[in-house]
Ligand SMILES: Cc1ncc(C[n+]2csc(CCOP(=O)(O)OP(=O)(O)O)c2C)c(N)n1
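Before any questions on how it binds or moves, here is one chain, the form predicted alone, in structure tokens.
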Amino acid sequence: MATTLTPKDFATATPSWWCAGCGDFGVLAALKQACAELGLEPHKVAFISGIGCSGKISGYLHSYAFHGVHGRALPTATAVKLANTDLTVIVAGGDGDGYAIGAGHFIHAVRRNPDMTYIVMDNQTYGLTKGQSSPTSMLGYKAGPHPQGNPDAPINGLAIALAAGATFIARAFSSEPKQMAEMIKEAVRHPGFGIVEVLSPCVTFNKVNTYKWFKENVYHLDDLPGYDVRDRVRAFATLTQPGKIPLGIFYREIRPTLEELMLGTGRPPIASLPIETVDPGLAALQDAYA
């Protein structure tokens, strides 16, 4: 008789050291809910995380876990997936971990399209190291380490992912765990690299982008008539539109994963694919320089 798992089956006995009210609690709750509803088994899940407040999350989910160094979660996860393609690989980190020191790894993981899910907890500050501005902090963001204001323009991580070739892109808000759990489930089901960026307020250091601020400054893609997740141009326009922050699934497409192309799992390996299948322009280029 099959055992029905619950979110409690994905909980660990490790006490959390997150601040009370941290948005990452909502991410953890949604993640456990998603894993249970997907029928995943803890011993078939590999959870990789980086450094920072968000990086501790791998100690709070009952699964195989790897807590790596700053910015290196994605290459580690890629290696895990290539070594054991049967594992469900989930990666988690913060905006600093993924979009600053890990930015190079981020872009290349996106374009390689390994079959994994990446959850980016965006609190728009470096919470672990006393509130410095992060890659997603607003221009002029003031905090203790720089009272005169952040001089750097913020990075739009999801727009960068789309430009780099991401095949599944979504954004959630940590105070909406049910909607977030659905997005995580869709990302895990997606055959390829799925990124779910989560607006996850830092209640200790970021006094600007609070829960109240986000609630007043977000809207849902479901409220846009005729939005099509297959429309890459509209997805990019929506992600880069100034003003309120959109939540939901922006874009999805199906193309061969890294494992399929390198290992031949599911589809023929890349060596056996006709060159025009990969890129019609490559055949003409090859002929021109033959």
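The structure presented is a predicted model; accordingly, all values stated were derived computationally and were not measured. A residue's number is simply how far along the shown sequence it sits, counting from 1.
Below, we refer to the form predicted in complex with the named molecule, which is not included among the displayed structures.
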Non-hydrogen atom contact Leu128 with the named molecule in the predicted bound form at 4.5 angstroms: yes
Contact label in the predicted bound form: Ile101 to the named molecule, heavy atom within 4.5 Å: yes
Any non-hydrogen atom of Ile51 within 4.5 angstroms of the named molecule in the predicted bound form: yes
Distance check, Glu197 to the named molecule in the predicted bound form, heavy atom within 4.5 Å: no
Stretch in contact in the predicted bound form with the named molecule, which is absent here, among 128-136, 106-114, 182-190, 159-167 (heavy atoms within 4.5 Å): 128-136
Candidate from Lys44, His67, Arg255, His70 lying within 4.5 Å of the named molecule in the predicted bound form - any heavy atom: His70
In the predicted bound form: members of 87-106 within 4.5 Å of the named molecule, any heavy atom: Gly94, Asp95, Gly96, Asp97, Ile101
